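The chain that follows stands alone, in the form predicted on its own, written as structure tokens.
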């Protein structure tokens, strides 16, 4: 294992400390328990947004703390949920009097720990709503979930719900728009290589040199099937087929197309995937109105990508375009 680390047990703490130093204009770090908050408190009460999960998916979630997105993020150990002991104070820090929305990826540990934290925060008088993200079409159940996994669609939920909170929507409205995004986004991923969790020291799964896995999860969970390596356009077709089968796009539909890198894939290759994905999506009669291409929810150094398609409505477009100022996503400011 070759990684730019010191002690494998200190990776998350040292990484978050460096993140805080690099983005001290935007975020503040609480080290014990570990969570990240916006540097500037809202000028008036607004709905707070909190998300979190295992580390190793950077820039998710801490990279999306800031104006127009999250008010707090809770990084757990690599690929392991944070505990309620950290989620509760992060929720308290995000509360400015209008309630808090928890955005939770559908993994068993995340769900249970955020549920516990929500119950305890509610007992202290903080009104909580939860949006459970489950956009992965690859499998219904895995080693980590009951039902579908929450993957790259999480970024889109955080951005659009965050913009709704920033403009002053109330708690139920912010949760509702986040849920609407989740209901209309579908994602599928592929792995060309495995990743290595620092404290494990060995790859999380095995692939032959000429083999890829279609439908892989962001922790290296098994996908639908392993196949021989093939050209990018063929892989893109395989990822889009189940997505489009579920969304049933038609002429006049507008979508956001999101090609996300898993951490070890060059941007040049992501653009090759995006190029063909546009062709496939627009062949349905739909129009790609908005896009996002890059590494936004990763699996350490895994080679591969995911494709997400979000069926847009007019409000989602407005909220997507709204100003955002975070370490990992920034426009309109």
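Numbering follows the first chain given and starts at 1. The structure displayed is predicted, hence computed values, not measured ones.
The same protein also has a form predicted together with another copy of the chain, omitted here; what follows describes it.
Chemist: Using a 4.5 Å cut on heavy atoms, which of 173, 122, 98, 207 is close to another copy of the chain in the model of the complex?
Modeler: Contact with another copy of the chain in the model of the complex is made by 207 alone.
Chemist: Of the residues 192, 249, 132, 243, which one places a heavy atom within 4.5 Å of another copy of the chain in the model of the complex?
Modeler: Filtering the options by heavy-atom distance leaves 192.
Chemist: Indicate whether another copy of the chain has at least one heavy atom within 4.5 Å of a heavy atom of residue 305 in the model of the complex.
Modeler: Output for residue 305 is yes: heavy atoms within 4.5 Å of another copy of the chain.
Chemist: When the contact criterion is heavy atoms within 4.5 Å, does residue 317 count as touching another copy of the chain in the model of the complex?
Modeler: Judged by the heavy-atom cut-off of 4.5 Å, residue 317 is well away from another copy of the chain in the model of the complex.
Chemist: Can any non-hydrogen atom of residue 300 be found within 4.5 angstroms of another copy of the chain in the model of the complex?
Modeler: Yes, residue 300 is a contact residue.
Chemist: Going by a heavy atom distance of 4.5 Å, is residue 31 a contact of another copy of the chain in the model of the complex?
Modeler: Heavy-atom contact with another copy of the chain at 4.5 Å: absent for residue 31.
Chemist: Within 267 to 281, which residues have a heavy atom closer than or equal to 4.5 Å from another copy of the chain in the model of the complex?
Modeler: Counting only heavy atoms within 4.5 Å of another copy of the chain in the model of the complex, the contacting residues of 267 to 281 are 267, 268, 269, 271, 272, 273, 274, 275, 278.
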